[in-house]
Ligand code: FAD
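Take a look at this one chain, the form predicted on its own, written out in structure tokens.
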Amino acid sequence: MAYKTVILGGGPGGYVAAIRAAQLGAKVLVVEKDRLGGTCLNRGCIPTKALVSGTELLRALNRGAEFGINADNLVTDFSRFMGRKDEVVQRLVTGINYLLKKNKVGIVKGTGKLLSPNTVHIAKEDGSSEQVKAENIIIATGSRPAVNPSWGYDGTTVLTSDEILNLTEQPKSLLIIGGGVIGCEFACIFAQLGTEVTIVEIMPSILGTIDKEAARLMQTLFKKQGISLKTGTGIRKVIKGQEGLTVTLETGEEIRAEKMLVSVGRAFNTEGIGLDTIGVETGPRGEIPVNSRMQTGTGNIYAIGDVTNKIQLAHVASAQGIIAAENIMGKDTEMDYTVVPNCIFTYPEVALVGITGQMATEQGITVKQGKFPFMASGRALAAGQAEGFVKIITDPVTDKILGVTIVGSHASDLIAEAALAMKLGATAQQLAGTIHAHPTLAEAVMEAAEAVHGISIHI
């Protein structure tokens, strides 16, 4: 059978590309070896946010007395806590399947391999196989957790983000290797549940890619939550025993824990899919180089999502999928990475878009900045969530907004306003001059913009 487009992978890049291409009139086939939705829906964004939502409720209940509400003798049902996550995931997987069928996209459960620039061999889940023809192919095979073999990864005691989501019993203690986004989100989830959590990070700070002031604040707030931080050191040795494991750090310190989560990056799923057969080049880590139209060096072969090693975020994969589909269907569209919001669902949340102050320094860019603390926000104080701030970085000549960092409650929602302002080329003065509803957390964004020019009313 012949298709306009065959897509390898049904994650947030692949299924979005499929629907967009179908909307434009293409006959499309999606080949997915696991479940629709990819890592994001099944083993990443959605299940972790379901857990985050559970711990947010638990945190609020534990603070009930502060608001005059007595919620004594709280009991956490870990089985139900994890089970709700699975229900949310299943509902969304079903929804994606419905959307694909609604748009008349073909779906095959199996593994695709490129035999030529226009031929895909599909090894199906039921053991059968077939070959299909395609005018264009989109590679959207995603990534998987990276592991260090010397750490004894077994999926039972030493886990990745995949296996930790399938735990049936809450661990009494958890050692997390890697203080990036994934490690820090899981640290907040399990610490709130009562697990003793330790993070080991080889860099000087956790969340090392965000604004330095924000990272320092997060370290302080993590410690207040009882999370132990071991920064500036790596792992020397891991010994597993019957009751857990003992980890020796490069400093010589020993840490004992029931479980260990390895969150030190991701590896690209580009092996064994025939790229070498048809001459599609890959980079040193297996990534697939693409141009702004999402084309590889082989013109009718496109790649989107994590395998491109651009920005490993689900919303970037979806945007790339739309770009690829539109170019396949004759439109001339290009991917723009200048305004990409990034959200970290820790407690409190962190969200950022554009550059940070230290990035500006490294790039030799002169900037102005304004900052507004949530402790000066009436809405934040009323909600009992006064930790954090909004910081806005601007061009001192044009006043255009170059970057925004938010630490605090609902940061992941508030960053949308900042991203839109940047996309439209707005200035800090224009943002400050936009009337914001009172009392809201969004006022903090307005006041940070005012602070760029020293006219914030409440600081």
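Heads up: residue numbers just count along the shown sequence, starting at 1. The structure presented is a predicted model; accordingly, all values stated were derived computationally and were not measured.
One more form of this protein should be noted, the form predicted in complex with flavin-adenine dinucleotide (FAD), which is absent from this view; the next part is about it.
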| task | Answer with one of Ser161, Gln219, Thr198, Thr195: the residue that has a non-hydrogen atom within 4.5 Å of flavin-adenine dinucleotide (FAD) in the predicted bound form. | result | Ser161
| note | Answer key, flavin-adenine dinucleotide (FAD) contact in the predicted bound form at 4.5 Å (heavy atoms) among Gln385, Gln312, Gln358, Thr333: the residue is Gln312
| said: Counting heavy atoms only and using a 4.5 Å cut-off, do Thr111, Ser143 and Ile273 all touch flavin-adenine dinucleotide (FAD) in the predicted bound form? | reply: yes
| Picking from 430-438, 26-34, 403-411, 64-72, which part of the chain touches flavin-adenine dinucleotide (FAD) in the predicted bound form when contact means heavy atoms within 4.5 Å? | 26-34
| With the cut-off set at 4.5 Å between non-hydrogen atoms, does Lys391 touch flavin-adenine dinucleotide (FAD) in the predicted bound form? | no
| request: Using the partner position in the predicted bound form, report whether Gly54 sits within 4.5 Å of flavin-adenine dinucleotide (FAD), counting heavy atoms only. | output: no
| message | With the partner left out here, check for me: in the predicted bound form, does some heavy atom of Arg59 sit within 4.5 Å of flavin-adenine dinucleotide (FAD)? | response | no
| said: Is Arg266 near flavin-adenine dinucleotide (FAD)? Define near as a heavy atom within 4.5 Å, in the predicted bound form. | reply: yes
| query | Taking flavin-adenine dinucleotide (FAD) in the predicted bound form, which residues of 332-364 have any heavy atom within 4.5 Å of it? | reply | Phe345
